[in-house]
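Alright, two takes on the same chain below, each alone as structure tokens: structure 1 and structure 2.
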Structure 1
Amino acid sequence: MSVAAVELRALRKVYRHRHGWGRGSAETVALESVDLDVPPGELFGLLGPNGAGKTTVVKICTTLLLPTAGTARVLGEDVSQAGRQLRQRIGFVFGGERGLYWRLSGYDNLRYFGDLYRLPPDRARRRIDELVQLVGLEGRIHDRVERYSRGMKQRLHLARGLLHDPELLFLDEPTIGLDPVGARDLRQLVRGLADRGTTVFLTTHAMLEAEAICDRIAVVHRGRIIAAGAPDVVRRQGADLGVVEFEAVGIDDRLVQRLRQLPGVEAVQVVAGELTHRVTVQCPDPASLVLQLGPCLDGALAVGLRVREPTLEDAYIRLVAEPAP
């Protein structure tokens, strides 16, 4: 039995923040109690809404933050005690444009981080050439980073995270800010890494992304894991439910509230479009819901109504939906 790549037990993190001199302090519970296992070789996805605690988990695992309670073991080492050896074995990429030296070329950025990871110069040069190919930055790698587009910066970040050939790679929202094609390329790249044996731990709020590439996922909500398993398994946690979907004109908060209170309704999602709102309602008996819709909508117009099986996204929305009042 090999050691788990990531093993979290009752992991808890409370941030304390001061309001400024003498104005007291407040606490934010970022992680209530998280238990999680990621076996080596897996492509694992941690899902959750904004503020769920995903970044906090990644920061703890990459030795940037200490847990308030509980344990986090990464590649068999307790992160609270871990030092250089562990840091040399893991890589990480935080989403966004920060974390690069904008005045240096992409190439010089990689050389600099190669130094930090103690790569001998000739190995660093070879590895950088490989990675530049892999992330598709050929031709632009000697430009200054300040002239890069967001997607190029993101790809440079990935190359940086992979420089020292880590056994385990953490990616915090790697596709944030990428166009659909760029995001797909990046997903394929990450999938390829996992297929070649790198363990990948990524966070995202894009369900499709998770469904497309992850071997296993977990959903974190308000600092706890509320579902875990293969994407299919998590999706089927809603299999007893059906989904009614329609476009509505003239819908408002009051009507949404009324929809939520219909018998059997588990979750309602409203996404604003240009002219209409797309409304998704999850419930055990879609057929009878459809009959109740007319009176409930009270004059608002519903078009394009259809009933379908829940997707992973539906399952996710139900999992993180506010409990009905």
Structure 2
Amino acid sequence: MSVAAVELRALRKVYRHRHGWGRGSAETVALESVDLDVPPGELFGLLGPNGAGKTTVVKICTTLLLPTAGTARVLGEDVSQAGRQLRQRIGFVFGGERGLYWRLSGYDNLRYFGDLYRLPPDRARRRIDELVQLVGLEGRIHDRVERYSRGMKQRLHLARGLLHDPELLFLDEPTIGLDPVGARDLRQLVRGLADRGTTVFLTTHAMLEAEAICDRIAVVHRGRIIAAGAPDVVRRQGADLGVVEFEAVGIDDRLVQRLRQLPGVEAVQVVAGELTHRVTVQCPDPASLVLQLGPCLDGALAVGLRVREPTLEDAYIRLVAEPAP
């Protein structure tokens, strides 16, 4: 039987903060009790809102943090005991622009990190050439990184994380800040890595990203896993509901609260735009809800009203809208 790529059992992480001399301390629970299994060869997505515990899970799995309680085994190794050996077998790529030397060329960045990974010079050169083609930086690899677009920097991050040919690659919100085209291209690269046999552990709060490329996903909320399975399985958790969407002008917190109190309403999401708010309401009887909207909105203008079937994003909203167990 093959060893699990990631195996978490009752994983708990608590941060303790001191308020100053004589003022005591406080605790922040980042992970309450996380159980998770990721088999080798899978592209796994960990979803959750900001502050849910996604990055904490990744930092523990990559030996950057020690758990407060519970166990975390990665590629069969206990992360609390085998940090040095494990770091030689895993890669870690984070979103954003930090972690690169901007005044060096992309090629010199990769050569430097190859030295840190203790790759023999000949092997490093061959590997860099392979990765430059893989991530599509052939024409710009000798330019300074400070001249790269955000998407090009993220491609270079990905190449850096793959230099030592890791068995398991952790990606912590890799498409954050990218434009839609750059995000799509990076997703295709990541999916291609998984298809070639690399196990990928991805964190994201982008439902499109998870649904497009992940084999399985889990949703973490307030430090606990509240749903797990194939994207279709998680999406079906919202299948018994309909969705009413509309654009609203003049809506405020008071009206949103009134929407949430309507009979049958399970979840309400409001996304602010430049001139309007997009309102998404989940309920078992959309036709009845539509009839109640006029009096409930109390003069606020609603346009573009439509009723549709639930998506993975809707199931996610429903899950995180409920209190964590």
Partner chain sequence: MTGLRLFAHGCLYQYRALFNWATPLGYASSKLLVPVFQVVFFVQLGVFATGGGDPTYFAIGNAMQVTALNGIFGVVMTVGNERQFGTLPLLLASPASRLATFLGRSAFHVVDGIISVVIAFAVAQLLFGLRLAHADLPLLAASVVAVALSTCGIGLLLGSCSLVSRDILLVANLVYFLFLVVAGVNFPVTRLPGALQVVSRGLPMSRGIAAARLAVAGAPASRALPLLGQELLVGAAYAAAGYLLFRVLEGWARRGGLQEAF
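Quick caveat: nothing in here was measured; it's all calculated off a predicted structure. Residue positions are counted from 1 along structure 1's sequence. Basically, rigid core = biggest C-alpha set you can superpose within 1.5 Å across the two forms.
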Chain form predicted in complex with its partner chain, by structure number: 1
Rigid core superposition, R254 Cα moves 2 angstroms or more between structures 1 and 2: no
Large Cα shift (2 Å or above) at L104 between structures 1 and 2, core-fitted: yes
